[in-house]
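As structure tokens, one chain now follows by itself in the form predicted on its own.
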Amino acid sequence: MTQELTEIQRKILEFLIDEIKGNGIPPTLAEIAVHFGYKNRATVQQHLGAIERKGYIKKNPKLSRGIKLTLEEKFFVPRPVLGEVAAGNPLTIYPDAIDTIELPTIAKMPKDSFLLRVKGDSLKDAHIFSGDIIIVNPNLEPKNGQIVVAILDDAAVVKRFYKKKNQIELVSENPEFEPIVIERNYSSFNIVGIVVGVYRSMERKKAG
């Protein structure tokens, strides 16, 4: 049975989760030491030993990357929500985190990705609803048909992306909303990232 972690143990566990989920491999002791500013790897070993005794990881001392998560599907990691994005008319995005959610580790967070909260129901037919949390990857090039987050005239929108010959269309998944059509060279338009995941709290979202 798992036991409660100290603050530094929780941060180290979050780092392990991020590295394993993001890179596919656990970090080495040296990488953990560098990340947390420890000069002595023995300090890292002590923390990892405590985390292991509390039931969150298993270590293989014969391997340099021999850390394995246990019961990882039950882990929830606090993640900042950086703003709201409009699935409807454009909505101003906030410069700082507006909230924090407990995101399960089974929700994959690619490197450099971030969270935004959706406001509006223009993507309801794509099963993205107002209040949902979307995971946005800024490192991908948008392809036609993908759902993107874009900045348009200093406001953030989330729509399906279609590149035409001389125009870009941002299309809703709700017949009540008309497509947003802009010129390809429009200076006040920028793709922020591709939506790669959606998280919804079932306690918040009620059926019907």
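Quantities reported herein were computed from a predicted structural model and do not represent experimental measurements. Sequential numbering from 1, following the sequence displayed. In this text, the rigid core denotes the largest set of C-alpha atoms whose superposition between the two forms falls within 1.5 Å.
The same protein has a further form, the form predicted together with the DNA, not shown here; the description that follows concerns it.
Legend entry - Segment that reaches the DNA in the predicted complex - one of 177-185, 40-48, 163-171, 145-153, heavy atoms within 4.5 Å: Among the listed stretches, the partner-contacting one is 40-48.
Legend entry - Check all three, 127, 137 and 200, heavy atom within 4.5 Å of the DNA in the predicted complex: No, because 127, 137 and 200 lack any heavy atom that approaches the DNA to within 4.5 Å in the predicted complex.
Legend entry - Contact flag, residue 65 vs the DNA in the predicted complex, heavy atom cut 4.5 Å: Residue 65: yes, in contact with the DNA in the predicted complex.
Legend entry - Contact of residue 69 with the DNA in the predicted complex (heavy atom, 4.5 Å): Outside the cut-off, so no.
Legend entry - Partner contact for residue 59 in the predicted complex: the DNA, 4.5 angstroms, heavy atom: Close contact exists here: in the predicted complex, residue 59 approaches the DNA to within 4.5 Å, heavy atoms only.
Legend entry - Sequence-ordered residues of 157-189 touching the DNA in the predicted complex, heavy atom within 4.5 Å: Contacting residues: none.
Inset, instruction - Using a rigid core alignment, state whether the CA of residue 49 is displaced by 2 Å or more between the shown form and the other one. - result: Yes; residue 49 is a residue whose C-alpha shifts (by 2 Å or more) between the shown form and the other one when the cores are overlaid.
Inset, instruction - Inspect the rigid-core superposition and answer whether the C-alpha of residue 31 shifts by 2 angstroms or more between the shown form and the other one. - result: It does shift by 2 Å or more.
Legend entry - Per-residue C-alpha change between the shown form and the other one, residue 58, threshold 2 Å, rigid core fit: Where the cores coincide, residue 58 still shows a C-alpha shift between the shown form and the other one that is 2 Å or more.
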